[in-house]
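Okay, so here's just one chain, in C-alpha cells, the form predicted on its own.
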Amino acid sequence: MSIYLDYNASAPVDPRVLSVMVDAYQNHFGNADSRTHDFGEDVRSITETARKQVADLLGVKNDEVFFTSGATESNNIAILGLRQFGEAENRKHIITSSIEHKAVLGAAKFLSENGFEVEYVDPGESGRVDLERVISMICPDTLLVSLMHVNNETGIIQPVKELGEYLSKTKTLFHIDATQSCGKLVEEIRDLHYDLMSISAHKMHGPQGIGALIMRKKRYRLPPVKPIMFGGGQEHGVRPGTLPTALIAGFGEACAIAENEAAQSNANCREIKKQLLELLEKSGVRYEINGDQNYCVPTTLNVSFLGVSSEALMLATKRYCGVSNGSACTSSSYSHSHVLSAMHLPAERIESAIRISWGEDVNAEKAMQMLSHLLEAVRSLIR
C-alpha cells in the first residue's frame, strides 16, 4: 500500500482530534450566538475553550484569536482588510516576497491593481529572503510587510524573527503566514514580533476548513483591519458567519496536542529526515536538494532528480508514495513552481523537483522502503 508523504498539503487528522469533533457533532449542536437557551451557551463554552487552546499554543491573548475558514481567508483579511486604513493614511506601499502562498500574492496583486504599490523580494538560491534587502525597501509610507514563516514548497525558514524585531520599532505593520510552522515551531512562534498572523488547522493534524487570524494588540488596540465580508457580528465583526463548533473544537484539540508533543514530534521528524538523506546519499542517482538545509524544518525535503521529469516520476510511483511537485493549491494544472523559479534555479532542477513532506506519525521503515522504490523509478526513467 502507498504511503502518504504530502503533509505540507494536508496532514492526517489526529484520532484524538476526530474524537472531539464527533462528540461536538453528536452532542453539542447549538449555535454559539444563540443567547436565549443553554444549548447556545454550551456551544459558546466549547468555542471559547478552543480559542484559549489556540492562544496558549501561540502565546497570545484569547481576544487576539479570530476564527476563519483557514489561512487563505486569514491572509485575505489581513491584507485586504488594511485597504481602507492605507488609503486614509496615504500609506499604500506593501512589501512581500515572490515565494509567498498564492493567497498572499493574489491579495497583494488585487491591491496593486487598485492604487497600491507592491514590491516583491526574491529569495535567491538558498530559498531564504535576504533580511537587509527587505529592510532597505521600507519607507515612510510602507503600510505592511507580509512574509511567510516557513515556505510550503522548500521548508525553508524565513527571517521573520529578525524582521519582526526591526518592524516593532516602526509604524509598519507586519503579517506572518505561519501555516507551515504553527504547531511545529512552537517556541519560535511564541518569540516572534508581529501584528497579524495566519494559521490553518489542517497542516497540524486538525480538520480542514478552519483556521485563525491572530491580531496582536498594541496599547490595547487591535490592528486597523476592516472586514472583507459582511453578515452577522461574529468574531467581533472581523469574520461573519456561524461558528463551526466541531471544526473549532478539533482545531483547539490539535493545538493542545501540539503544545504538549511538539518537541518529541520534531525529534521523530528529524530522524526520518536523517534516514531519507542517508538513503539519497547511498542511492547513486543524480540529485540536488533545493534550499539551504541549515534553515529548513525537519518535516520537508525538496529534491530534484536531474534528468527526470517530476510529473513522470510521480505517475510512475503513485502506487508507492504520495508526493508532490508544488503547492496543492495550484497542482491541478501543472506549471513550473513559482517558488523554485523565484530562487533562479536552472530549468532542469525546477522541472525535476519533487516535495516530500511528513509528520511524526509516519512509519520510518515503510517510508524508506517506499522511497527506495521511488529511487528505482528514478534510475529507470533516466535510461
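This one's a predicted model, so the numbers in the text were calculated from it and none came from an experiment. When you see a residue number, it is the position in the sequence shown, counting from 1.
What comes next is about the form predicted together with a small molecule, which is not displayed.
- Among heavy atoms of S200, some come within 4.5 Å of the small molecule in the predicted bound form.
- None of the heavy atoms of I189 is located within 4.5 Å of the small molecule in the predicted bound form.
- Interface membership of K92, defined by any non-hydrogen atom within 4.5 Å of the small molecule in the predicted bound form, is ruled out.
- Using a 4.5 angstroms threshold between heavy atoms, S304 stays clear of the small molecule in the predicted bound form.
- Only one of 285-293, 226-234, 201-209, 128-136 places residue heavy atoms within 4.5 angstroms of the small molecule in the predicted bound form, namely 201-209.
- Using a 4.5 Å heavy atom cutoff, none of V308, M314 and S352 lies near the small molecule in the predicted bound form.
- Distance criterion of 4.5 Å from any heavy atom to the small molecule in the predicted bound form singles out N152 from the list N152, T299, Q158, S97.
- A heavy atom within 4.5 Å of the small molecule in the predicted bound form is found for exactly one of L196, A107, A249, A71: A71.
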